[in-house]
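Only one chain is included here, represented as C-alpha cells and corresponding to the form predicted on its own.
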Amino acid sequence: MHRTHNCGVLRASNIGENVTLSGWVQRSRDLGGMTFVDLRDRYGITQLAFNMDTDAELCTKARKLGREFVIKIQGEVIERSSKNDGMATGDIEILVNALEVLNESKTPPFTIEDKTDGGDDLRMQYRYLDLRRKPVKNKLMLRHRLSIETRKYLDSIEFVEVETPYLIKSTPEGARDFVVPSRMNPGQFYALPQSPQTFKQLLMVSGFDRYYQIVKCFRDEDLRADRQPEFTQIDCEMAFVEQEDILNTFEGMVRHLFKVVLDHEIQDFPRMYYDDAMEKYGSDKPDIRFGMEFVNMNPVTQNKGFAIFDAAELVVGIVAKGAANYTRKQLDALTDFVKRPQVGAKGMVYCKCNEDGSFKSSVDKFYSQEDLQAWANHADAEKGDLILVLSGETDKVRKQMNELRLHMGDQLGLRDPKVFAPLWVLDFPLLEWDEESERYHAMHHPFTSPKPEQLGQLETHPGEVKANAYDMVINGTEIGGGSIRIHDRGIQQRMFDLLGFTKEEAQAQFGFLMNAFEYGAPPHGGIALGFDRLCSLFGGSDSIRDFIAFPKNNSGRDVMIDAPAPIDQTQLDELFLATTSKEEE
C-alpha cells in the first residue's frame, strides 16, 4: 500500500495513528538534530520529521532527498511543536520510521511553489511540472467543479448529453476551419467542427428536445488571452421554445453555478437591446459593473467654432467621477492611450469640473466658462468630476470611447473581479454588409431566425432586420451566444440567397439540413457558452489559458510536445499530399 492517507487530510484528531504517505518532496530543512521535509500531493502538504538521535541512518537518508523526489514514508502522527496556521495540516507532523525513494528527480527548471521563478514560456514547456503548483492545480479543480455542476443542473431539467462528430464537412461561413485529409478519399478533406451547430439542430428534428454537450471546438484564427485554437463550449439546444424560454433556462443555470461554486447570489440579470448597448457603451458586451455611460455631446459642443467637433458625426463623452484631480501628465497618458493603433483615435478633449465651480479644458480657446458649464449640465457632471470627449464617425468613435471607458474603469478601480454583473444583450442585427465582398454576412450564423414580426422585411429591407438572437455577457465578457433558429426550408433558402449562396452551393453545403426541415422540424433554439471563459471568470483571471490543462501559446503552438510539426513524407504520400523541400524552394 502506497498510502493510507493523502497529504492534506491529517489533523490533530489523528495524533497517535500510524500512517503511510506518498508524494513529492516540496522542500527540506536540516536543523542539525532534526531534519524536516514537506511532502506534497494534490491534496496538500504534510510536514515529515526525522530525528538524528533516534534513527541517524534514516535521518541521513532524508538529508539526501532532493526537490521533487517521489517518496513513500511510514510513521506516527504527532503534535507539531511549532504549529503553522497557514497549513491545513499545520497542527501535526509525521515522525518517520521508514522511508522509501520511489523515484529520484532532476532539479526542476523552476521552483514548484505558489510563487514560482519560471516565466510563461518555460512553464508551458514543462507544463506537467507547472500543474503540480497549487494555483494551477486549483484552476483545473475549479474547471472540474463547474463541469460537474453544469451536468447536474442540465440533467435535473431533462437535458440529454449527446456526442456529435469531430470529423465533419468544411463550410465557408465563420472562422477558418482546421482540415483533415482523408486517406481513403484522395483529395477530399474533413473539417474539425467550429461548433456542433447543424448536428444539434438535426437532433431537434430527431425529437431529442433538450440536448447538451460539453464539447471541444476548433477555429483556425489569430489568438489572444481569451482564445485558443481548440476550446470548449457548453453547447445546448431546445425544441418547442421561444426566446424567453431559453433566457430563463440558462439564466437559471448561471445562477446555479454561481451559488454552488462561489456561494454568490446573482441579484439582477438585466436585459439590454443591442442598439442601446452600442449607444450607451459602444460595445455589444458592455461591462455594467460601473456607470460612465456615453453622453451624446453634439448639442453642446458643435457650432462653436471648434472645427474638429463641428465636422464630427458624433461627439461623445464620459464622466469620470472624482477624477478632476488628474494631473497634466495623467491626462497626456490618456491621450496617448486613445492614440494607440489598437484604439485609433486622433486625440482627446478633457474638461475638469473644479471644486471651486470653475472649469478647465483642453479647448478653452473655443469654449467659455458658460459653454463648459453647459457641458457639465448636459453630462450630469458634478464638482470634482472629469469629462472626457472623443469625436468622429459614429461607429468608430463609439468603439474608441468603449476602450477609453474600460481603461478608466481599470484606473479608478471600478472593475473588481469579485463583483459580477451579468446581462443579456438582445436583438442583434441579422445581417451586416461587407463593402469588400459587396454582400451580406450573417452577424451570428446563417441559421439564425429573424424576429418573427420582421420576416416580411427580408424581401424589402434585409439590412434593417433584427435577429432573434441573444448574448450572455458578464463583466464585459461575452460568455455565450445563441438564437432561435430557422426551422422552415423556404426561409432558410432565402437566408442563403441574401448571403450570396447560389441554390447549388446552398444544396451542396447544407442540403442535408434543408432536407431535414421537410420532415417535420419543430421550432427550436439554443445557446453555446464558452466554458473556458466561464472558468476564467469564476477564477478571477483574464486568460483562459490558465484553466486549460495543456494550452497552446500565442502562436498556436504546444511548446511542450513541439506541435504542430512536419510529418514524414511517407505519411504525406499516403494522404496524397505533396510537400516542397527547402532545396526545391
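Since the model is a prediction, treat every value here as computed from it, not as a measurement. From 1 onward, residues are counted along the sequence shown.
Keep in mind that the form predicted in complex with a further copy of the same chain is missing from the display, and what follows is about it.
Is residue 522 near a further copy of the same chain? Define near as a heavy atom within 4.5 Å, in the predicted complex.
Result yes; residue 522 sits at the interface with a further copy of the same chain in the predicted complex.
Would residue 16 count as touching a further copy of the same chain in the predicted complex under a 4.5 Å heavy atom rule?
Contact with a further copy of the same chain, no.
Hey, in the predicted complex, is residue 57 touching a further copy of the same chain, heavy atoms inside 4.5 Å?
Heavy-atom contact with a further copy of the same chain at 4.5 Å: absent for residue 57.
Flag residue 12 as yes or no: does it have a non-hydrogen atom within 4.5 angstroms of any non-hydrogen atom of a further copy of the same chain in the predicted complex?
Close contact is absent here: in the predicted complex, residue 12 is far from a further copy of the same chain, nothing within 4.5 Å, heavy atoms only.
What is the one choice in 78, 247, 331, 168 with a heavy atom within 4.5 Å of a further copy of the same chain in the predicted complex?
Exactly one listed residue reaches within 4.5 Å, namely 168.
Report the residue, out of 105, 296, 493, 74, that has at least one non-hydrogen atom within 4.5 angstroms of a further copy of the same chain in the predicted complex.
Going through each option in turn, the one that passes is 105.
The chain here is shown without a further copy of the same chain. Which stretch in 211-219, 277-285, 445-453, 336-344 comes within 4.5 angstroms of it in the predicted complex, by heavy atom distance?
Result of the contact check: 211-219.
Does a further copy of the same chain come within 4.5 Å of a heavy atom in each of 266, 273 and 465 in the predicted complex?
Judged in the predicted complex, none of 266, 273 and 465 sits within 4.5 Å of a further copy of the same chain.
Contacts with a further copy of the same chain in the predicted complex - residues in 129-165 whose heavy atoms fall within 4.5 Å:
If the 4.5 Å heavy-atom criterion is applied to a further copy of the same chain in the predicted complex, 129-165 yields 129, 131, 132, 137, 140, 141, 143, 144, 145, 147, 148, 151, 155, 158, 159, 160, 161, 162, 163, 164, 165.
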